[in-house]
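One chain is shown next in structure tokens, namely the form predicted alone.
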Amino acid sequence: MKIEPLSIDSLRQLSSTIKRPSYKPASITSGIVHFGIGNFHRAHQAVYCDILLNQGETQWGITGISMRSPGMRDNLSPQNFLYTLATLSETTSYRIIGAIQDILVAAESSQSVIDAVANNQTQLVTTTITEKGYYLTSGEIDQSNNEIAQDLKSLKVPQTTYGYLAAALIKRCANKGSPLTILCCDNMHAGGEHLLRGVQMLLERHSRETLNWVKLNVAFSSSMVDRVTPATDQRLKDRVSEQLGLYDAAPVAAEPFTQWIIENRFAGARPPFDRAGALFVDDIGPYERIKLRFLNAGHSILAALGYLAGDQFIHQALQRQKLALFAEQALKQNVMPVTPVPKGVSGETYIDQVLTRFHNGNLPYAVLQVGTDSSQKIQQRLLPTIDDALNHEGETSYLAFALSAWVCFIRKALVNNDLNDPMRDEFAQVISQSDSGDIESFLTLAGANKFRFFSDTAFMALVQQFHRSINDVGVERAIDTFFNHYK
């Protein structure tokens, strides 16, 4: 029997145990435009906005932007853009989020996206476009990329987030618009600076007048975001439908923990996110660094090890004592000594909390989801740490093993047709030329040749040694051998 869909009209049918918006959607205006309207945004920033809306701050609704796929728009539009947040712990709580007011698909109407950002009503632009959306090669924007090259040629139909921001700022400047803040919410060190450089690059080509206006009227800011948010599967949809008595085409699940540290750099109106639990700070760098090097790196290490051991989810990998101990010791013995932490934060406690969160079996986070785009992710999460450790003459054996495991993960995922990575075709070419896959070629495709460790003979010999061990005896026995020599 078909059940009624979630919508404004059907909210009245919900049980009193399910929290719902206290505000009337018609009273909300979209002061925020968000690029990357996926699960993480809907379980993180949109929830902070929903809290503000429930407090009466009605100008902080969201217009979401999907660059290419209409899927999220098509799922949420019939539901008046409402959706369910399921918070998964020992028990599960359910809450209806109403912060999203509209979703635009850039591939269908580029002008509507430009207009939304240029609109004076928009006070804040936020992004969760993942690492590959920044088109970086060794930390610099790859101007040879086809989409970047097209935006350098013309902004009539932008191809990248940089392009849409630049085109919208040109229009906003021409209209003598109000100041605007552009806030990065990605797992990127100094993400706001990357957005600034991309926009500057395009404005230098297309509108120097706007570039001068931007310097006075636009702030590019960074933030550190943290909440484990798995992909939505049919099981979650069925659970939500059972609890609501209504059908939700796009629920989202998340862990109870959530954190948002925001660089206090705003050009215009600043949403009072601190009233929703966020923290404004003057220096975001140390918070970004510990998130990338402890949580994100830990996630990536466990994803590679877990996949090689045959696990589907991160929490299953942690149920293997050897893998759990390896991940903990890698972070505490190799990463922590070269990672400054913010004042008042204990690195060891932070790592323990991260691993406890990963153990949450009620929140199944797929190793392949974490492993998506890993050739881009490790450039932020792992490679700079290796250089730091070598520069400080620190211990690097765990990092060498983790890097070799990543190479083995790439090869196995490619052979099994599981690999989701922008360098997939290039990795396949490497394997076609050498059955075992040349380690240096794999690492070069991930930008490792731009780092010091790549030319460090002793370190690379260790990577080769561990790579052979994993291939010869499997990842768990290779870890046994590793512990016998390096623990």
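Computed from a predicted model, the values in this text were never measured in an experiment. From 1 onward, residues are counted along the sequence shown.
Absent from the display: the form predicted in complex with ligand CS2. The rest refers to it.
- Task: Kindly confirm or deny that Y94, S241 and A253 each have some heavy atom within 4.5 angstroms of ligand CS2 in the model of the complex.
- Result: Spot residues vs ligand CS2: no contact at all.
May I ask you to choose, among K171, K132, R227, K322, the residue with a heavy atom within 4.5 Å of ligand CS2 in the model of the complex? The option sitting close enough to the partner is R227.
Quiz item: Pick from L236, L308, L295, A106: which has a non-hydrogen atom within 4.5 Å of ligand CS2 in the model of the complex?
Solution: In short, L295.
R73, heavy atom within 4.5 angstroms of ligand CS2 in the model of the complex: Although ligand CS2 is absent here, R73 would stay clear of it in the model of the complex, with no heavy atoms inside 4.5 Å.
*ligand CS2 contact at Y365 in the model of the complex, heavy atom, 4.5 Å*: Yes - in the model of the complex, heavy atoms of Y365 and ligand CS2 come within 4.5 Å of each other.
Item to complete: Give a yes or no for M336: in the model of the complex, does one of its heavy atoms lie within 4.5 Å of a heavy atom belonging to ligand CS2?
Response: M336: no contact with ligand CS2 in the model of the complex.
Does S77 reach ligand CS2 in the model of the complex if we count a contact as any heavy atom within 4.5 Å?
-> Contact check for S77: no, nothing within 4.5 Å of ligand CS2 in the model of the complex.
Of 173-181, 140-148, 296-304, 263-271, which is the one stretch near ligand CS2 in the model of the complex, taking non-hydrogen atoms within 4.5 angstroms as near?
Correct option: 296-304.
- Task: Enumerate the residues of 381-408 that have a non-hydrogen atom within 4.5 Å of ligand CS2 in the model of the complex, in sequence order, or give none.
- Result: Only R381 sits within 4.5 Å of the partner.
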